[in-house]
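Quick heads-up: it's one chain on its own, the form predicted alone, in structure tokens.
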């Protein structure tokens, strides 16, 4: 007696089909799972046998062999519990085998036969539709996430009994239906706003430029000047996620098991703020079977690194390539996986270890060698990849005590969206280029041409600041964004001058 049930698993942020083959034979009772199962899959034997018995079905007293094909790919997780149980019941004629065609089944079983949620449902459903499956049976908690994918019927279940009765046509379950556009509009509201920030007009302007062109930002200022407050509000002025961006981001959260149970889509720009003790693998992704790290969880959103010099130097250096490519590739002996990592980096740091170098309010206790050592923790190549570097001074009492609210996020966001539309039109024929920060050297030469006065101004700035070739490109990209904010086709000297001001940290460090 043999049966075949289709399931699915994820590798990276993509899914692939798994065939759960079950063979029953009259021999000494035994239960074997083969096909490179990990510890959680091997333990499914106990969960499956208990769930079948506690659901009042007959567990065959035979030799049971379950093969998870393809057998050369390692299987992990508990989502194979339900398909293994259905495979055993189908092989023992307790489930109508013909009703398993064109159906993907996944779910974790409790000992009493109830079904728990699993990870990676969105990429699994997308792949199931791509492979031509018509139905997917999964835990009720994962139903709305799967129902985002159109063209496949999603049947939510809460127990093994429900699944068997449904497959035997004794129970009718209506497919779950949701509207992706409705979900995006429902959950996109933010609880914070730029109007909460007192003063810091220069920093707000810099963040508006950063949001408009997708530029990375580094803020330098004493403790309590509002760096973290500003960073947390940056997602509120970014354009709303498109459905495509939302699906890409949701896939990452789904395979990581971080998607909230009551939420089918990530509908707002992610904001990730890892602690400075994070490891290389925690930031970029890793483990034996690589999992997404913080930079991938910030995909299409903001990655905030508070107290940048406190991070391990090795951790910061592994970010250099993802900042350039918008993706990270993790290689292991048996496989190599690529995770998307197109994020906007916002970092902050103090002007010295004590935080009060140059302050008129408190005396700095750091000597010059200590300050130099503090800054040296952040390498020049990493700084070169940060387009905008600004000082965020302490806010004076006069500005703190103002009753009037400053400009809100909605108003700023409208200008950002308008500027992004200009860039979308500009790069409509350029593959993989969506914002000014993505421009290659060839595109910089094409779209960032300067007049004689602008070239002279940039020459003076580069010579005096000793900036690198990469920093030269960054200035041109930022000046292009500033010109776009003013709907100017040409980069004027005032646009270039403002962009040069946003490299002020270079003067502080290298002067």
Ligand SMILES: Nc1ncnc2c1ncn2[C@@H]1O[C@H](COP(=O)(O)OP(=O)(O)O)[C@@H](O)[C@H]1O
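Treat the numbers as computed from the prediction; the structure is a model and nothing was measured. Positions refer to the first chain, counted from 1.
Same protein, other form: the form predicted together with the named molecule, not shown, and the subject of what follows.
Item to complete: Note which of 335, 405, 395, 171 lies within 4.5 Å of the named molecule in the predicted bound form, where distance is taken over heavy atoms; exactly one does.
Response: If I apply the 4.5 Å criterion carefully, the residue I get is 395.
Practice prompt. Identify, from the list 240, 196, 310, 280, the residue with a heavy atom within 4.5 Å of the named molecule in the predicted bound form.
Written response: That would be 196.
Practice prompt. Look at the stretches 240-248, 313-321, 414-422, 219-227 and give the one with heavy atoms within 4.5 Å of the named molecule in the predicted bound form.
Written response: Correct option: 219-227.
Practice prompt. Please check if residue 200 has a heavy atom lying within 4.5 Å of any heavy atom of the named molecule in the predicted bound form.
Written response: Heavy-atom contact with the named molecule at 4.5 Å: present for residue 200.
Practice prompt. Scan 373-388 and note down the residues that get a heavy atom within 4.5 Å of the named molecule in the predicted bound form; none is a fine answer too.
Written response: Nothing in this stretch is in contact.
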